[in-house]
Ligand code: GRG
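Okay, so here's just one chain, in structure tokens, the form predicted on its own.
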């Protein structure tokens, strides 16, 4: 059997997602031209497309057969929601960042008002895109419920509030766990789960995706904390050391650099073991390879 080439697999899926995003938000989309340009500026500024990839992997592992019609509208909507969160996260009232993915942040190019509206528009357009899915209505409702739970009051937005209000406070394990599991973790977990839900996965499979997705999400954010301390600006495409300067609640600040590295590796290894036990090493390779990338990445 041929060796699994994860880089080729990821490149193929990246191209599929980017083509679909062009279709769902073309340059000539209806609406004010500057708003469309601002939305597309950040949406197409590069990026790993991690969340759509997780949705695709979950869908394929669950036996999904109609990637184009069922899953891509959901995957693209997920990426639009993620992009909305980046635009707003970079604003002066939040993290006040000048660069994202090696380019000036949205508000630096279009001004704060248009950047805010571009984020709002991406959030709205995401659901307009998701409901174009051919997934049966009962499953689509479950997909929407999963996504909205992940980004709502006790999800991404609640985590963002805790992130903002936690600045300058003494390092707290309780606060950092809440922030990381909500601001980043829940949406990453949901991305994997909705792939399975869209494909009609069994209850056992969705439970597995819940557990593994939770570990992937926390691993991803811990590695982000580590890279903010020791990463290279050119590789990351954004400023480093800002979390420390802002007094943010991070794993590194709470536990120290070495303990943070150890925690990320333990979580990743546990997630890999779950995938191997459930799907087997061969079938689970796409997800296993992605987990390994997440814990070992340098950008």
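If you're wondering where the values come from, they're calculated on a predicted model, not measured in any experiment. Numbering follows the first chain given and starts at 1.
As for the form predicted together with this ligand, it is not shown, yet the points below apply to it.
Taking 205, 181, 160, 133 one by one, only a single residue has any non-hydrogen atom within 4.5 Å of this ligand in the predicted bound form, and it is 160. With the partner omitted from this view, the residue of 272, 36, 50, 254 that lies near this ligand in the predicted bound form is 50 [heavy atom within 4.5 Å]. The closest heavy atom approach of residue 125 to this ligand in the predicted bound form falls outside 4.5 Å. Among heavy atoms of residue 224, some come within 4.5 Å of this ligand in the predicted bound form. Among heavy atoms of residue 292, none comes within 4.5 Å of this ligand in the predicted bound form.
When this ligand is considered in the predicted bound form, residue 118 lies well away from it, no heavy atom lying within 4.5 Å.
Although this ligand is omitted here, in the predicted bound form none of 61, 210 and 279 has a heavy atom within 4.5 Å of it.
This chain is displayed without this ligand, yet in the predicted bound form the stretch 80-88 from 138-146, 67-75, 108-116, 80-88 comes within 4.5 Å of it by heavy atoms. Looking at 258-295, no residue comes within 4.5 Å of this ligand in the predicted bound form, counting any heavy atom.
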